[in-house]
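As a starting point, one isolated chain is supplied in structure tokens, in the form predicted on its own.
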């Protein structure tokens, strides 16, 4: 569970986060969206304890983080940086995964089992040097390190930035699996398609303030709200709105295709 109460943060006497409060229940998957400079990454770092709020309180798994070391928070939550090179330093992929487990005090036998299981599950070669891999592969290595640790909470800062479509889907399928296994996930993303496809809930941040929170598909259809937050809806939502489709009837390409086919059949046309 993640809970924020009236959190504010300043940098060089400039307000960055203003009186933000929300709650994510265990097992939730939420996207944190907003325009450039909205404060999304800063808010994620506050939750992780990398920044300390000037006012307000953060609770991770029911425990207030004020006064906690980052290492103590890391036992409850995993953080994925936007740039994987900021957190990868192992000589091999296998060593990278094993390091995080050793820091948590996991026994060597259990660590070996988790590392090998994670490598197989994510299709990674443990003998490779991480820095010899592609950007997308390095991002998967960084996620694999969290995967092996099995944290209750995952904080992801733009996990798909710089990835092509195939790499993006590989990454998000891994994230979705972790959520299905019970992890609570808060993901900063600029990709509204990814938010719609994977995150049932959405938080909208603008100028350091929480403008709205709720079901992703509902907020995506609030054109006025998105415009005030300098956001564009996912393309499928925009197209559905233009066609006059009710919310929930066509939230992906397949359901939109089915809707169009049904309309054609009702009018005596040919569904293609």
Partner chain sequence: MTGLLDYQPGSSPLHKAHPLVKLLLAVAICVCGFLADSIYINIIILLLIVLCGARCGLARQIRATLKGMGALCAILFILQLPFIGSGRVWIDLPLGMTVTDQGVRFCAQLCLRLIGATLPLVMLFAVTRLSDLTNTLVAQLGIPYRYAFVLTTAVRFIPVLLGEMREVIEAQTARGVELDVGVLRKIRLIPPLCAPLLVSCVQRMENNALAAELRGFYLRKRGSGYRRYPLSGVDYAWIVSCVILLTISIIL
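All values derive from a computational prediction rather than experimental measurement. Numbering follows the first chain given and starts at 1.
Only in words, not in the display: the form predicted together with the partner chain, which the text now covers.
J.: Though only this chain appears here, would residue 166 touch the partner chain in the predicted complex if you measure heavy atom gaps against 4.5 Å?
T.: It does not: once the partner chain is placed as it appears in the predicted complex, residue 166 has no heavy atom within 4.5 Å of it.
J.: Please check if residue 51 has a heavy atom lying within 4.5 Å of any heavy atom of the partner chain in the predicted complex.
T.: Residue 51: contacts the partner chain in the predicted complex.
J.: Quick check on residue 92: any heavy atom within 4.5 Å of the partner chain in the predicted complex?
T.: It does not: once the partner chain is placed as it appears in the predicted complex, residue 92 has no heavy atom within 4.5 Å of it.
J.: Just to confirm, residue 173 within 4.5 Å of the partner chain in the predicted complex by heavy atoms?
T.: Residue 173 lies outside the contact set for the partner chain.
J.: Sort through 71, 132, 127, 107 and report the residue having a heavy atom within 4.5 Å of the partner chain in the predicted complex.
T.: The residue from 71, 132, 127, 107 that makes the contact is 71.
J.: Go through 111, 88, 153, 119 and name the one with a heavy atom inside 4.5 Å of the partner chain in the predicted complex.
T.: Comparing distances to the partner chain in the predicted complex, the residue within 4.5 Å is 88.
J.: Can you check 63-71, 229-237, 200-208, 30-38 and let me know which stretch has heavy atoms within 4.5 Å of the partner chain in the predicted complex?
T.: Contact-bearing stretch, as computed: 63-71.
J.: Could you pull out the residues of 158-193 that have any heavy atom within 4.5 Å of the partner chain in the predicted complex?
T.: Counting only heavy atoms within 4.5 Å of the partner chain in the predicted complex, no residue of 158-193 makes contact.
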